[in-house]
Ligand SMILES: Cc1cc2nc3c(=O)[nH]c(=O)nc-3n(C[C@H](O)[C@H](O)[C@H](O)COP(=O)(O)OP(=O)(O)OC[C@H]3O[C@@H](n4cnc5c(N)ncnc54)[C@H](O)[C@@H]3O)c2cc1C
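One chain comes next, on its own, written as structure tokens: the form predicted on its own.
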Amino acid sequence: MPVDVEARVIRNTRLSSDYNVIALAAPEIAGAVEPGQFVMVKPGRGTDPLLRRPFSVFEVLRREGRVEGLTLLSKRIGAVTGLLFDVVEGDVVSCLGPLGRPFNLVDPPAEAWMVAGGVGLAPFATLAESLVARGTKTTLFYGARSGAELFYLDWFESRGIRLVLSTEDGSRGERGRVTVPLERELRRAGSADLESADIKVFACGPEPMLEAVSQLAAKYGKRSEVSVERVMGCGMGGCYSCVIPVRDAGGGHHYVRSCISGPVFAGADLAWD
């Protein structure tokens, strides 16, 4: 069951002029979270902003084997993220979680390919640690507008994650969108000598990217799961602000609430059209 805590800010690490990682003392939530789940947060104690906002849990913080908190990866783009960018040690952030359906992990000999677009990196630190603990070979395809917006590369590499980088301006890795190297490697994995490779693709980022990743995975006969980024008013299914279309067996679709039926969905289950 989710719990609601007033979490003290342990630290605020600014990664750039817009991105930061906030560490919160919320062991009650961090100790129960599974990769892909999220929290609803609101900085400060007043009524502005009135509603909380959803954030994937980025890391689970441990010290000497004891869970002490969690982190959130945030990009300053609005009122709430602006407030979160400015928090300092000792501030209080209301934090409700863990919420939502997590990723379904894979074990060896299957491989895991994670595809992140920008701040879509957020659910992949916890996922990567869980996969590595299972011995699953893991690759991170990570795309952003520029090399200055590619973060935590050393963190992933230190855990044995293979990195495939791309940037729209070509300043780091391959020039272009992250789906370009993804398709190339999916095609290679489908070649004669690797046709039996069991690969599951996990993705998080802008919805057009998620649609493209899901279609590529299906094209090459691979399973995919995507974590959708929908506006959520409550995070617990009460407000119906986060509905998303899911395919019916008969070819139509119906709507579900992504906060409780997701945010993780099988890519093939979503009605992208």
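Source: prediction; values computed, not measured. In this text, residue numbers run from 1 along the sequence as written.
The same protein has a further form, the form predicted in complex with this ligand, not shown here; the description that follows concerns it.
Checking 153, 79, 132, 110 for any heavy atom within 4.5 Å of this ligand in the model of the complex turns up a single hit: 79.
Exactly one listed residue, out of 62, 219, 230, 247, brings a non-hydrogen atom to within 4.5 Å of this ligand in the model of the complex: 230.
Under a 4.5 angstroms non-hydrogen atom cutoff, this ligand in the model of the complex lacks residue 42 among its neighbouring residues. Interface residue remark: residue 54 is counted as part of the site for this ligand in the model of the complex, having a heavy atom within 4.5 Å. In the model of the complex, at least one heavy atom of residue 119 sits within 4.5 Å of this ligand. At a distance threshold of 4.5 angstroms between non-hydrogen atoms, residue 73 is in contact with this ligand in the model of the complex. Stretch-level contact check against this ligand in the model of the complex with heavy atoms at 4.5 Å: of 62-70, 27-35, 211-219, 231-239, the positive one is 231-239.
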